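Heads up, the chain below is alone and in the form predicted on its own; it's given as structure tokens.
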Amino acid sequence: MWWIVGFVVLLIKVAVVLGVLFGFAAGMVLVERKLLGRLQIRYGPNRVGPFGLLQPVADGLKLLLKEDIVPKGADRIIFFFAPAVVALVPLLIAAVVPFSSDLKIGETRIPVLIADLNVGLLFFLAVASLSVYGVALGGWASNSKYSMLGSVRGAAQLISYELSLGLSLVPVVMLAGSFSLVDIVNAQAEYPFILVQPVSFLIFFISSMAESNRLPFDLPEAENELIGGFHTEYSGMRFALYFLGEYISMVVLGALVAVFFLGGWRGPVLPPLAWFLIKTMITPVFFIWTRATLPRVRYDQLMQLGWKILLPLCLVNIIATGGIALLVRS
């Protein structure tokens, strides 16, 4: 009978995490439009509901009611399912993210995450690499030159920056001695890893921005060059899935930054979950601020940054971390 209780608890966790992520994604749309308005000295959404707070609901209804168009000559099956890959990837990654310390109910301790894998970091890297298929196949299946160019750009960009993203976490594993995200947070009981690994944090942050196709790295969907890039031909709810995947990805990447470098849920006075939410929101807000501040880089600059600067810097940082760790232990 205990397995039934465990299964029910798992279903409740999944429902809560999905509800929170969808809510945050809708909220981030409003936050981005409001912040961009302030940063660009103009009004953001302020018509739908008090202070424009119902704007995400109006946007969702608009996308739901728009006609779903399939281009002539498109590969219909791949065209239909490619957006789902982009939306599914951050949801799968969220399954291994620890949001707080264990919840105590009497003598029972309930972990506040869906799955505590001992290879959680490897799971994150493996699943994150699947997002390239949603971008590449969506653009290819659209039977459009603009979409195809955007998908080729996106595939090259995602594959290039995955290397820096993964290698930037090697020093974190060396310090924590584990691939489990819970163990990584627990290893930061005395100090967050950002204090001893600022280089890894900077590389991970930049690579995350490139992986999520945010300005100044939004080359796969550059509107002044490719109209909308890989999702040019999408409309209605299929476009909404690409949109949803981008904003959920921002929130999940913020959670991973908090786990790997900011001590996760650890902090004084406030409850653990409150600390985790505050740390998580730093990354999406910075992404929005960057969008309003920096111009789009050229494609050759994008590749040069990834292959000639970040990748060698990752390798040097790994060697330096290993050398310092050996000196300290000896």
Partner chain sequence: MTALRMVFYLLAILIVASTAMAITRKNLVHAVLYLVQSFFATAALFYLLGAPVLAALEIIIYAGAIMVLFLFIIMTLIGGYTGSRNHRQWIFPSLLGLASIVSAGVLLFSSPASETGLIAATASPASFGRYLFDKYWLPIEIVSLLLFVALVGALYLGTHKGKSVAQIEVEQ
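Bear in mind that the values here come from a model prediction, so they are computed numbers and not experimental data. Numbering follows the first chain given and starts at 1.
If you look for the form predicted in complex with the partner chain, you will not find it shown, but the lines that follow are about it.
Heavy atom contact within 4.5 Å of the partner chain in the predicted complex, the stretch among 208 to 216, 234 to 242, 123 to 131, 194 to 202: Residues of 123 to 131 come within 4.5 Å of the partner.
Would Ile114 count as a contact of the partner chain in the predicted complex, using a 4.5 angstroms cut-off between non-hydrogen atoms? Ile114: no contact with the partner chain in the predicted complex.
Can Ala176 be called a contact residue for the partner chain in the predicted complex at 4.5 Å between heavy atoms? No, Ala176 sits far enough from the partner chain in the predicted complex that none of its heavy atoms falls within 4.5 Å.
Is Ala94 close enough to touch the partner chain in the predicted complex, meaning at least one heavy atom pair within 4.5 Å? Ala94 lies outside the contact set for the partner chain.
Ile110: heavy atom within 4.5 Å of the partner chain in the predicted complex? No.
Looking at Val172, Val185, Leu137, Val257 here, can you tell me which has any non-hydrogen atom within 4.5 angstroms of the partner chain in the predicted complex? It is Leu137.
Does each of Asp75, Met148 and Ala155 have at least one heavy atom within 4.5 Å of the partner chain in the predicted complex? Judged in the predicted complex, Asp75, Met148 and Ala155 all sit within 4.5 Å of the partner chain.
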